[in-house]
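Below, in structure tokens: the form predicted on its own, a single chain.
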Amino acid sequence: MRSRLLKSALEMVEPTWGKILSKQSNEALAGIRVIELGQMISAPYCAKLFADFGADVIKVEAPASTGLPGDLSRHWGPFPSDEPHLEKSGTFFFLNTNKRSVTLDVAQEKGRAILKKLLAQADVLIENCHPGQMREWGLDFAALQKINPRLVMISITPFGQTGPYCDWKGYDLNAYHLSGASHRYCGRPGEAPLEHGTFAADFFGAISAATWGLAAVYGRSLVAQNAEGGGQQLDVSCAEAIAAAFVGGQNIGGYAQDGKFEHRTGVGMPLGAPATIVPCKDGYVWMLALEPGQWNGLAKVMGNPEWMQLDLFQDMYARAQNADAIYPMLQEWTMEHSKQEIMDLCQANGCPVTAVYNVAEAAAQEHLKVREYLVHLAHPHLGTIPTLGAPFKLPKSPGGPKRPAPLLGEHNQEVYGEMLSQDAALLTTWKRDGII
């Protein structure tokens, strides 16, 4: 009786909740409809997290008439044999599984009118466009809220929607370095910081956006008590996401207390040893043996050499002060063994050492196979190829890639027919006019 009352109440204040509860699916986000207006990494990865757990994600891409069709990542690669092809980009393939693709020129007024009709039926808009561009197009949150008061708009930008930097031009590395992270990480003391180079700001921003965007979706019924519809805009600054994840913790607390903060340390940890990357017979291992039990486990693996038995070296701080002497002796041993051998021996003796794998070696790990983290998907242009599975495990509602990234405009007829009741003749007209 209680569950029926809950369902009825939710259907009255939050129609999507009713759809989710009634939909016969074990997917966690089934019943949520998402429109993605994204390029490259941050918005597409955020939308992928929704799509891989059951949300219906419709990706809006530029048509051929614009001169640069599709998401920019379609042009980015990597491509098989380094031959560019709109449907063969590895970056696009990874970031857009389980989505549907439609083409639409939102730079045209007619295109924006069509987009607004799609948004009127959506739960979420995920976008990483420049804030000024969205205002110029009339696609800012104030305008969209009038069309759909229930819409949750997830906006991911380098610097956020407000503040003196909000209209600046910027990319992933701009956001990363603005946060102060490069002063703390990546590089040797006294030398220039190194570029991070892994789209860290975009990915951290995307994960933050997916987490709190989903909270906003499920919180609409509560927000609606004080605001019509319950929709709201989630403003995600990638620089701030990096600042919280990379710079926070020790640095913010320390600086607030006494004006001190950590600096780049180069290779290894300055306060404890061994804690660094060490070369070995066939590559490198990450060696971490700080606690006495870990250090003694490493000593056992190495045959308990006399120098490792000194009482002085039972303390990780003392070892750090003598790192210049310790590391060469450790390296003499590691250079006689492979990284897999070192890892297996050390782990068996309570010492957290891991091999430093390259990408090919990582992909071949038995551990990832057992966890089903690598998924093989069939694609009409790429054939059957592997991609990464879901990074989160939900046993009762498992997610992950089930369908490959869509072809450009693959779902035009399906989506425009289903959501806008447009027939093929009108779609032909739209295509002739360069709208789709």
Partner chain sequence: MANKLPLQKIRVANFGWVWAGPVVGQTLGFLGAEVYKIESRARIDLTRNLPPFAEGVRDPNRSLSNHACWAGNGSITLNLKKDEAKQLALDFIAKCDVVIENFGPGVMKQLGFGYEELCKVKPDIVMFSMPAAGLYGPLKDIRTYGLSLTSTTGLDSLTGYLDGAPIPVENAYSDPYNGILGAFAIVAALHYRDRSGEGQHIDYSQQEAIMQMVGPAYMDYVLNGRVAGPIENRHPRAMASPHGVFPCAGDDRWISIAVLTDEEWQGLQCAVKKAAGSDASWIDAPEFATHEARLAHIASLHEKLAMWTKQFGDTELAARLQAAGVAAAPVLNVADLLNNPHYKARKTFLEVTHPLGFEETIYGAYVKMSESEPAVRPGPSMGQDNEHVFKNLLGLPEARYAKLVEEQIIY
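Numbering follows the first chain given and starts at 1. A quick note: this is a predicted structure, and the numbers were derived from the prediction, not measured.
Separately, the form predicted together with the partner chain exists; it is not shown, and the next lines address it.
The contact with the partner chain in the predicted complex, taken as any heavy atom within 4.5 Å, belongs to 194 out of 194, 335, 147, 310. Residue in contact with the partner chain in the predicted complex (any heavy atom within 4.5 Å), chosen from 296, 233, 108, 331: 233.
Look at 213-221, 114-122, 321-329, 299-307: in the predicted complex, residues with non-hydrogen atoms within 4.5 angstroms of the partner chain sit in 213-221.
The partner chain is not drawn, but in the predicted complex it has a heavy atom within 4.5 Å of residue 237. Among heavy atoms of residue 345, none comes within 4.5 Å of the partner chain in the predicted complex.
In the predicted complex, residue 244 approaches the partner chain with a heavy atom inside 4.5 Å. In the predicted complex, the partner chain sits within 4.5 Å of a heavy atom belonging to residue 390. For the stretch 145-177, the set of residues having any non-hydrogen atom within 4.5 angstroms of the partner chain in the predicted complex comprises 145, 159, 160, 161, 162, 163, 164, 165, 166, 168, 169, 170, 171, 173, 174, 176, 177, in sequence order.
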